[in-house]
Every structure is written in structure tokens, then in C-alpha cells.
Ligand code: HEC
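Just the one chain here, laid out as C-alpha cells, in the form predicted on its own.
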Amino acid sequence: MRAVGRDALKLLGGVLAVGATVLMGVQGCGLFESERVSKGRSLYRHYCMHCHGENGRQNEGFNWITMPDPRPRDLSIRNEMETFKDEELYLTLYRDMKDTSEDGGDAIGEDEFAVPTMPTFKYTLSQEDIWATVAFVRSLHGVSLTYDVEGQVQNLQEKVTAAQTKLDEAKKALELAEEKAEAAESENNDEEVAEEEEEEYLEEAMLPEEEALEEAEMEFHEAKQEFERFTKRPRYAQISRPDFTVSGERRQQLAQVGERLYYNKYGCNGCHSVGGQGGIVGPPLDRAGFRLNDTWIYRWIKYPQAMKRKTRMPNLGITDDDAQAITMFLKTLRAPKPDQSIQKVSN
């Protein structure tokens, strides 16, 4: 019996040792991550890992080596990344793109993040998604997110509820005012009251309640939009067919503007290559002028998710004019086909 007991203890010890080893191994894979960090990990893998690497280290992502300078910073160095506030990391992902051209570019502050190849996700992800991504990035250098995301969601939900209550009360107040006005009208049988004076009386009696209702409706709409911007991904109307009926001279002018925007504002070369230079996340665009039509390019640029829902290409908030100019530039890319001839090998 003692021998059996010793064997059982050895077996149990072995199982526990294996279990501990497994737990230690999977801990780095996210088993013990919070739900928010886990969500951020998935978003990071889809949108960020090809440039920043699985662990946020330089030269780790498959696109890193082909990217133009300046390349992504190392997200795993704690003493450097700790110097950034959560809000600063958030605004790196939630911002408008800026033109970094020396001539005719946007004014850029010394502290602004303005690397052309770093896309914004303001028009692709919800604010909650972006905070989840920041939470995961924090985990790469061993720091926890301090921003209270759950508290913000609750605060915005409470604002919607309060605005809804105010709206309901305003509707009831207007209904009562209308009932009183109708009662006053039915009691008013004095034929000497001119019709114009009667209408003026009714308008003055209802105006305060109508104004209060309009104000409540606007407040509710704004509160609901604020909540949805935080919790839901942006949705846009289907892109209409653009008008490309411009003169040849104007087309050339737009193509020059589009080239500057392609490289210096929207950082398209961070993911796409032209002439062997640029990223390899997206397809090379050397022959875009032959392969793609104007409208198709324009719609991809304006709203990538409408063309392919799970594309890695983010919506950069590109204006109609900028999208037209970039389209014109891409239509000038007409490189010859690569030599695909196969030489015979003599035996």
C-alpha cells in the first residue's frame, strides 16, 4: 500500500509539474490576459504586426525591412515607452493624417507623431477598439493601461440615458401645450378675433415647448453619436461614382499632387511598393495604370472596407479631392510586364 501511495504521489507530482510548465508557456500566449488586452492582441495582429512585429520589436515584422524611413519604433523597450502617456499612444492611432511635405505641407508641432508611413485608424476602428490596441501595446513593454475604458463607456451610456429622459419629458410638455392650445381655440368663439391674431397667439403659446424639444432632440442625438463613436466602428455611405472628365493638362496637375500625397501625407509607400521601393503588405502598384480603372481605385482609396470587409488597409479619412489626385497618380504607373521568359537548361 505504501509503494502504491508513493507511486501515486510521484504521478501527481509529475502531472502538476507538467501543468505548471504548460501554464507558464501559455501565459505568454494570452491565457491570463484581460478581455480588453486580448481584443487588442487580435487587432494588433491584424493591423499592426506586419510592421511592428509580434512582440513589438524592430526588424521583427515581415514588412519592417522594406519600409521607408523612419521605421517603426521598438514597442518593447519599457524605459522609452513609459515616457508616453496612454492618451499620447491613443492619439497616435486616432488622428488625422498630415502632409509632411516641406513645401505646401501642414504645420506640424515638434511633439506630434507625423511619420507618413504610420496610418491612422480613426476612420476604421471604434475608440474602444483603439484603447484595446493601446492596452495590448502597453503589455508589450510590461505596463498596464491606466485609462478607465469601462468608466468612459458607463459615463457615455449615462449621458444617453439622461438625454433620453430629457427628450421624453420635452415631448410630454409639448403634448400638454398643444392640448391647452386646442382647448383655448375651441373656447374662443369671438368672431371679432382676427384669424391672423389667433395664429400669432397659438404660435407664441407653443414656441417655448417646441424650442425645448428641438434642444432635447439635438442633445440626445449628440450623446448617442458620442456613445456610438466610442463603441462602434465607423460606417460610411457607399461611395458614389466620381467624375474624372478633366482635361489632359488638369490630369497631369492632379497626378503631381497625388504623388506628393501618396508619399508625404498618406504614407501609401509604407504598405505598397513602386519600382521595388516600399512595403510588401499590399500588392505592388507599378502597373496600376494598366490593371485598374479609375473608379475602382477611387473607391478603394475612399472606403477600403466597402470593397473588402476584412482588408488590412485602413480607411485614412481621405478627402474626395485627395482621392481623385492619388487616383490620377496611380493611373500614371504603367511599368512594363516583368520578363517571365523561361530559359532552356541544356543537359
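The first residue of the sequence shown is number 1, and the count goes up from there. Here the structure is a predicted model, which is why all the values come from computation and not from measurement.
Keep in mind the form predicted together with this ligand is missing from the figure; the text below concerns it.
- Interface residue among 42, 66, 55, 311, judged by heavy atoms within 4.5 Å of this ligand in the model of the complex: 311.
- Against this ligand in the model of the complex, the set 118, 121 and 281 is in full contact: each member has a heavy atom within 4.5 Å.
- Here the chain stands by itself, but in the model of the complex one stretch of 262-270, 161-169, 214-222, 237-245, 262-270, has heavy atoms within 4.5 Å of this ligand.
- Within this chain, residue 316 lines the site of this ligand in the model of the complex, having a heavy atom no more than 4.5 Å away.
- Within this chain, residue 303 is remote from the site of this ligand in the model of the complex, having no heavy atom within 4.5 Å.
- Interface residue remark: residue 330 is counted as part of the site for this ligand in the model of the complex, having a heavy atom within 4.5 Å.
- Proximity of residue 71 to this ligand in the model of the complex falls within the 4.5 Å heavy atom cutoff.
- Although this ligand is not shown here, in the model of the complex the stretch 35-57 places heavy atoms of 44, 47, 48, 50, 51, 52 within 4.5 Å of it, in sequence order.
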